[in-house]
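Below, in structure tokens: the form predicted alone, a single chain.
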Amino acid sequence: MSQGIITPEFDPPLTCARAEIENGVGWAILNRPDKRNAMSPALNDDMLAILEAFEIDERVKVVVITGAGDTFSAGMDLKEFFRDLDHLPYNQKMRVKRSAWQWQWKTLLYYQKPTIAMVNGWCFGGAFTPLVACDLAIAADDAQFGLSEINWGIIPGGQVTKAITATMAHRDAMFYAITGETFDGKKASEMRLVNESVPAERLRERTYELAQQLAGKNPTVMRGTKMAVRMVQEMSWDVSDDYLMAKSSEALFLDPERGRQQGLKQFLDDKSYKPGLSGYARESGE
């Protein structure tokens, strides 16, 4: 049953982003629609504050990142994030840039709760970094993606190049990085930059459905699984085997709802569910 939307308060108040909580889903919303949600220093500070608050808020089970209006994000604000910083001393400039790096990939890569990027329109340049750093991504069929850096004389930095090569095939990543051509949500799904694309009118509904599915999983095991999938990619098979055994033991030790024991009991003894078709009944779940 819907409990409505809760708007948490922040101190200092948010000015360029918006936070909402809806039935366990925390919506972190880039909120500069008049600038196509271009990421300014103030927006970066706001997003970092929202993510840090959501991470420890027990009302939030899953976090969705999206943009206000008809745009996910047009990338970095060229004036506020680049030109306006030129006159600042190095230390001040690095502090401003650090909040961007922090929320766009460092925080998201190691976030304790599942994250979904909901791409509702333009997604350009620097917006690729938080898009890929999220665990999952859903796009509108008509969303527009573009690596426009080549068109104004720079290399896709800020981990954008790393983001695209981590998700897209080499030929696709190279093509769009060196041509600057745009592509839509359907193409993004085809290239596996996003998990799927849906008609724009279905985007929020589909994202919410997926968020609720994730919210119903064991949170301790979710954290371990998220980290395992990220970390084993660059490990050898032997190192991966040792790491996964350690992560499994960690999950068993930390899990307050004893999911493994509950799952085995319900499957083998009670015969109340089938692991390949459904999940065990979480006694401490909601």
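None of the values given here were measured: they were computed from a predicted structure. From 1 onward, residues are counted along the sequence shown.
Here the subject shifts to the form predicted together with ligand COA, a form of this protein not shown in this document.
Pick the stretch from 220-228, 53-61, 253-261, 36-44 whose residues have a heavy atom within 4.5 Å of ligand COA in the predicted bound form.
Heavy atoms within 4.5 Å of ligand COA in the predicted bound form occur in 36-44.
Which residue among H87, K79, H170, R95 has a heavy atom within 4.5 angstroms of ligand COA in the predicted bound form?
None of the other options qualify; the answer is K79.
By the heavy atom within 4.5 Å rule, which residue out of W105, Y176, W122, Y111 makes contact with ligand COA in the predicted bound form?
None of the other options qualify; the answer is W122.
State yes or no: in the predicted bound form, is some non-hydrogen atom of Q212 no more than 4.5 angstroms from a non-hydrogen atom of ligand COA?
No, Q212 sits far enough from ligand COA in the predicted bound form that none of its heavy atoms falls within 4.5 Å.
In the predicted bound form, does G185 have a heavy atom within 4.5 Å of ligand COA?
Because no heavy atom of G185 falls inside 4.5 Å of ligand COA in the predicted bound form, the answer is no.
Hey, in the predicted bound form, does G75 get a heavy atom within 4.5 angstroms of ligand COA?
G75: contacts ligand COA in the predicted bound form.
Does ligand COA come within 4.5 Å of any heavy atom of T161 in the predicted bound form?
T161: no, not in contact with ligand COA in the predicted bound form.
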